[in-house]
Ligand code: NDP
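Below sits a lone chain in structure tokens, taken as the form predicted alone.
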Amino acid sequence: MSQYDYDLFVIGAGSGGVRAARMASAEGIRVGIGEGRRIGGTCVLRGCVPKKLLVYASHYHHDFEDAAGYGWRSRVPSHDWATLIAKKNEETDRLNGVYISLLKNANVSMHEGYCSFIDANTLKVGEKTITAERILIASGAAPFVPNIPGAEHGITSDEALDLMSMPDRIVIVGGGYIAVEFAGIFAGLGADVTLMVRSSVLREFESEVSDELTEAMKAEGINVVVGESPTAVKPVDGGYVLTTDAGNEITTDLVMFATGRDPNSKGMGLEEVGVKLGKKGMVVVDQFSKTTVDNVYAIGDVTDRMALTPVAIHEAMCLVDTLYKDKPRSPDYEFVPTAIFSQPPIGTVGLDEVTARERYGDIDVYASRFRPMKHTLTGRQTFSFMKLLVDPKTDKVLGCHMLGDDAPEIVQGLGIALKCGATKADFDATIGIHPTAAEEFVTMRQKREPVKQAAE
């Protein structure tokens, strides 16, 4: 009989933690899991899923307008925010129940409460003390709010998904994917949106795609303020005044901070038991997700790796293979497709141009910018942009980037191609589906000069 309550105890019941718990239990391992909030985690309850439902809702405004170009004669109907949030809540409640059932059916013991370490094998979970041979930290991350006067008057993406009413005016602070996605949501649902960006929109992504998105947002009426940061938020009658470091003041109904996310590692006693923490409190792990304590592991957004739900699930599967299937394998982060559900959306896989030149020197660049066929009749000034990066020495495709309708769906397929080592010749030899936007990726023939930023 084991001296511990569990062979494996998982801290955090999000996508990564639940997958690890279920797969380990399937191998006959006694597994417990602890969660201080609802079962399901950020992606299912406070992120990917509810956010995309709101993205879908915001698209209808354009769809109703665009229908006139195809002969439909009807006005744009009014939108009821409360109905949308209620329907969103129904779906997240359903998914919460699904995740609970998955754990029950996998014979994983669930414990309600926040977790902290007493020693390397002992945890306090709520009011209980639990021991485990191995412990997996999968506690995720939470929105970061800047330390400025009045910041407590603002909201984050967590609260944005549960607002009681739609604001007429909103200032969104940040230039990352959460910021641009919510800018599109609120603008599509009729709000007057200001996006305040310190340097540039999506600065960690392919620069030309980011520039195209910035122009697209401006074309849709979003006020993109670049080069300013908030210094204070002050309540006034009926709203707030946000002051910037340039001395400007913006009056608004709501301020939303989308200024990054910090790992949920505080207050867990990690350093006290020897777990090393890195920048912003991220848990440092080796290639097999082991921390600096031999029996303690970490996956997902709490670590210093890719903060993506499918990546956390991949890390969970690799960990279970390593610990309980005698098949050691480390997560593979090469050619991970990524989507941003901005408006228009972005899909990307592989290297951006700057990184590709740093690693490979001279590269071949192919790009295409065009007006989607749909909008030849709607009259909407919306453009799609695609880019391929190729190593001329091997002809291997290093990166695919797209901004435009269906970009995430298209780039998922291209991710398979790049993972298999596809060359530009393979792309050229593939017959396109006509008429589609996706066919552009297999018809680009003209090489292009590098962008100025990439050459510097």
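Numbering starts at 1 and follows the sequence shown. Because the structure is a prediction, the values reported are computed rather than measured.
Another form exists, predicted together with this ligand; not displayed. Remarks below refer to it.
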Can you pick out, from T122, T355, T338, T156, the residue that has a heavy atom within 4.5 Å of this ligand in the predicted bound form?
T338
The one option of A183, A316, A298, V173 with any heavy atom within 4.5 Å of this ligand in the predicted bound form is V173
Candidate spot H79, R169 and N223, all three touching this ligand in the predicted bound form (heavy atom, 4.5 Å)
no
Although this ligand is absent from this view, report whether K387 comes within 4.5 Å of it in the predicted bound form, heavy atoms only.
no
Exercise: T194 in contact with this ligand in the predicted bound form, heavy atom 4.5 Å
no
I'd like to check something about N264: if you look in the predicted bound form, is any of its heavy atoms closer than or equal to 4.5 Å to a heavy atom of this ligand?
no
Report yes if any heavy atom of T378 sits within 4.5 Å of a heavy atom of this ligand in the predicted bound form; otherwise report no.
no
Answer range among 142 to 150, 88 to 96, 184 to 192, 114 to 122 for contact with this ligand, defined in the predicted bound form as heavy atoms within 4.5 Å:
142 to 150
Restricting to 47 to 68, the residues within 4.5 Å of this ligand in the predicted bound form through any heavy atom are K51
